[in-house]
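Below, in structure tokens: the form predicted alone, a single chain.
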């Protein structure tokens, strides 16, 4: 293998794939990136056995071939090089020379035939939608996924392709985020899949702002193809709980709130919370929302946010981080809080197919 490639293109390609590389593995080959040169492209592939990512970048291939090199070490070396082009040449004993201007490195690698093969997409029906739309849906839901191992099925995001739309849901049992998007697919392609959080984070990292995304499901795997990237991931197996039953059918009060004003107020009052005491009270009164936090041994904080409201006074306590999560990931200027009383779930909505259900905290 002998190839010449623009340094910035090689850096971009390695950035696309290196997050998958395991930090702790019993298989040394999993620390490496598979580098395959063919025709006018360099293909970079990494895997942790559960997830694999392959990226294609343009290159001048003088001699086709393949090898594997330590992914993070290679990235750190290329990032520090000064010239505009990098030359990679496979030497004997799986070592590869890296030349760039006056810089020269020789890196020891491993044989490419030892690298686990990447699962390929079969002939199942593909769901197609815009990358930007799918990325936005992930951004509006992923933060509500559980990080606890007790209910592993919740450690990811549900993609439900049914009735001509994609419904995306994440919940940890204390809050739930849901967003919907209409897409076209055949009736027989209706399916549910739960993406693990690592795959969700990788998609958020690599999806672009334009272009089409193709999604295929194969048994317990999902395959994503977009731009010059292909990603395969194992799915979380099991039955996702009936999330519809935790959504309140209706609430007594609907209150419009300026998103940015409430976010700033919550950020400030949360400065006096602790891990053990993080309840923040939201009191909705006539034309005013008062946000207060009182923490023993720390102090208290209070902020007022103007609102247009003339209904009954409602005081309800939430974890401020849970309230801020959707506020940070939505772009709407105005949001709506739907509330009944201090013990019933609160619902956050906006002028799009999105809702966020949040369980209140009991306070004395």
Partner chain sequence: MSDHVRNADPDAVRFPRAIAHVDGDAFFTSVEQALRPELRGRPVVTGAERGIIACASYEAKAQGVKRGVSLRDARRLCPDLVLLESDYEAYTLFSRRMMNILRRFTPFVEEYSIDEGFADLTGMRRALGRSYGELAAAIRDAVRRELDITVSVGLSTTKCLAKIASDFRKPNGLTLVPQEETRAFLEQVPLADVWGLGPRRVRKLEASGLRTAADFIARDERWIRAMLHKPGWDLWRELRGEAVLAVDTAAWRPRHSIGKSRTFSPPSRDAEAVYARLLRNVAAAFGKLARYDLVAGEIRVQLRAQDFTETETGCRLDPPARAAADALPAVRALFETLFRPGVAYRTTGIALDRLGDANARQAELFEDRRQGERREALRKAVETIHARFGRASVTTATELVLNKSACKEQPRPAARPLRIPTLSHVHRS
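What you see is a predicted model; the values in this text were computed from it and never measured. Residue numbers count along the first chain shown, from 1.
Quick note: we don't show the form predicted in complex with its partner chain, though the next part is all about it.
- Although the partner is absent here, residue 319 sits close enough that one of its heavy atoms falls within 4.5 Å of its partner chain in the model of the complex.
- When contacts are judged by a 4.5 Å heavy atom cut-off, residue 357 counts as touching its partner chain in the model of the complex.
- Taking the partner from elsewhere, residue 128 is found to have every heavy atom lying beyond 4.5 Å of its partner chain in the model of the complex.
- Not displayed here, its partner chain is kept clear of residue 84 by more than 4.5 Å at the level of heavy atoms in the model of the complex.
- This chain appears without its partner; in the model of the complex, the one residue of 139, 174, 165, 72 with a heavy atom within 4.5 Å of its partner chain is 174.
- Distance criterion of 4.5 Å from any heavy atom to its partner chain in the model of the complex singles out 242 from the list 93, 242, 76, 220.
- Looking at 253 to 261, 184 to 192, 147 to 155, 107 to 115, the stretch with residues near its partner chain in the model of the complex, meaning non-hydrogen atoms within 4.5 angstroms, turns out to be 147 to 155.
- Taking its partner chain as it sits in the model of the complex, the stretch 245 to 275 comes within 4.5 angstroms of it through a non-hydrogen atom at just one residue, 246.
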